[in-house]
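A lone chain, given as structure tokens: the form predicted alone.
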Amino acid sequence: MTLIRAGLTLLFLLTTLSSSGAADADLRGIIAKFATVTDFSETGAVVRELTATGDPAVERPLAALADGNLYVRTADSMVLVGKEGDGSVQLFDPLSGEAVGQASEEDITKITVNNTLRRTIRDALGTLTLGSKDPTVRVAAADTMFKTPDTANIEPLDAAIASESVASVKALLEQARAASILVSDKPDADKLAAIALIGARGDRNAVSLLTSVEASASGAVKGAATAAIASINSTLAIWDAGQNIWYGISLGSVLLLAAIGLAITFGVMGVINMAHGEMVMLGAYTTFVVQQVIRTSFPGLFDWSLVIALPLAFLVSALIGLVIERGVIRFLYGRPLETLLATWGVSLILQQAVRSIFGPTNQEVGNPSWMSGSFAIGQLAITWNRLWILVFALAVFGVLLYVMKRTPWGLQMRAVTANRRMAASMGIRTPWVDALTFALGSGIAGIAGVALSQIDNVSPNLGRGYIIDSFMVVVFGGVGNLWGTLVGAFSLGIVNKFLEPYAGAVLGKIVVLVLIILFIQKRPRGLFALKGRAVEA
């Protein structure tokens, strides 16, 4: 029984190899006809014969022909793919792609093509990709044919639609066929049906196609195209508003990360820390250093680089923040102007130190694979790095809220914020609460830098772009109130993104600043004012 099975297996393998070898020989026989063509029409006939085989292997020689890289070797009339080099041409097998030597330009003849042939080859390649086993390849082919409609596409699309089994791919193929019908001489009834199908697609590519149809058509077709464009534009306006909201939420998550540490130090200690942005910068540079070490020593861990950088960035920024508080700020409590000037000086020192170590230019920080790319929800484009930053910002907010509300240290921090003297009289060591609070706020700024390194340039000036926005978020939301910081960050982010298309980025920020000033005139303590005797005094 075992021998019978082995014999059948061997017979199957021999049959498979024989059939594949025969198919390969047939393709090579057709390709060899390029060596004997005398004009463009004969070349086109060989192209069509290759396409009729439906074998994906012919994509290589056809693409080479379209690019002017298909040659005939004079010595043996072999048709080969060539790649020009210094004084010679490297030759490759047209089916397998294996190198078969090189030749001088005198020993080979290029098979020439004209624009008509290039269009024929393009259509042939589209037909081949329409029959691919990979659905993503068929989707790409359908998308290409939709964007470049041609009457010649209709027949291969009809065949592809008839054989397509995936509903989503079939719908795209039908839309591509409709686009080609609109540029053909088909009856108006077919074109009206095509406009209805493309109108249901509802994206900007559909608007672009229908606009060109509207400009060249007349009668019922023109009217249908105009109505479809108006319908799509009204739908796109809603999607654009949704996109602006997403951009605002994305900006709000960045502002939340940058401001949440400042909300703690400003709320508990009353310190105007102008070096807060530099804590963000230090976190970003820590990420850069971690990625450099991983690239040179542990390249397989690159996707884990941000996970490794997070605790390190927190520790680096927290330790430097602790040194700043113990060495400078603790001597200046109750003197806000001197604190502002001192921390501004510290920020300049930190910026210059980073310039001296890393240089003044931007540093490259890469995105891990799980933070690269994007996806779409309808007409809403969402990038993975922005989505992960939003999730990360909310996670940091949740952890910090738990620390503030559910831990003894958080209780002491809130006690010092509400009434410093009473907290001290109850035995709370307020100087150490101040020091650890400042270190916590700086550490959170450091992990914000890890996130910002994925969407912004890592340079010595990174923090400068966020310090003003961070103060606006804290003042608007309510000093020392985490919920106020959350609401303030997302509110300012969304307002900014809705103003930018009309006022521009710079003028939009000025408008937001003016609105905050007017708001503070009515509510000096922000959206969510803290309660406490010392706070209210």
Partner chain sequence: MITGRFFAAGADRRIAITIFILLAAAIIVPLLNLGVSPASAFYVPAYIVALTGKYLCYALLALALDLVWGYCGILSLGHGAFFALGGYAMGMYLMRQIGSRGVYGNPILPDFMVFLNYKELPWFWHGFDHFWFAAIMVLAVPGLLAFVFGWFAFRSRVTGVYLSIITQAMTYALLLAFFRNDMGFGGNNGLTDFKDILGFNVQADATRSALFAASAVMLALAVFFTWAIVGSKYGKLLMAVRDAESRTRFLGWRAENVKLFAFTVSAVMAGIAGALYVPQVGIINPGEFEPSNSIEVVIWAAVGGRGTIVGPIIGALLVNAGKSWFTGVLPELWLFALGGLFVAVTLLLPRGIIGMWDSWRGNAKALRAASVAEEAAKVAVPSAISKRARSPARNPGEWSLSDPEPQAAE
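Because the structure is a prediction, the values reported are computed rather than measured. Positions refer to the first chain, counted from 1. Each form is matched to the other, and the largest set of C-alpha atoms that superpose within 1.5 Å is called the rigid core.
This protein has a second form, the form predicted in complex with its partner chain, left out of what is shown; the following refers to that one.
Checking T437, T129, T417, T286 for any heavy atom within 4.5 Å of its partner chain in the model of the complex turns up a single hit: T417. Between the options V293, V166, L348, V391, the residue in contact with its partner chain in the model of the complex by a heavy atom within 4.5 angstroms is L348. When its partner chain is considered in the model of the complex, G334 lines it closely, a heavy atom lying within 4.5 Å. Under a 4.5 angstroms non-hydrogen atom cutoff, its partner chain in the model of the complex lacks G484 among its neighbouring residues. Not displayed here, its partner chain is approached by W344 to within 4.5 Å at the level of heavy atoms in the model of the complex. Interface residue remark: S231 is not counted as part of the site for its partner chain in the model of the complex, having no heavy atom within 4.5 Å. Shown here without its partner, the chain carries R355, L507 and I510, all of which come within 4.5 Å of its partner chain in the model of the complex through at least one heavy atom. The partner is not drawn, yet in the model of the complex one stretch among 469-477, 484-492, 28-36, 56-64 has residues with heavy atoms inside 4.5 Å of its partner chain: 469-477. Taking its partner chain as it sits in the model of the complex, the stretch 292-329 comes within 4.5 angstroms of it through a non-hydrogen atom at G327, V328. If you fit the rigid core between the shown form and the other one, you'll see the Cα of G219 move by less than 2 angstroms. Core-superposed comparison between the shown form and the other one: CA of V396 displaced by less than 2 Å. Comparing the forms between the shown form and the other one on their rigid core, the Cα displacement of N457 stays under 2 Å.
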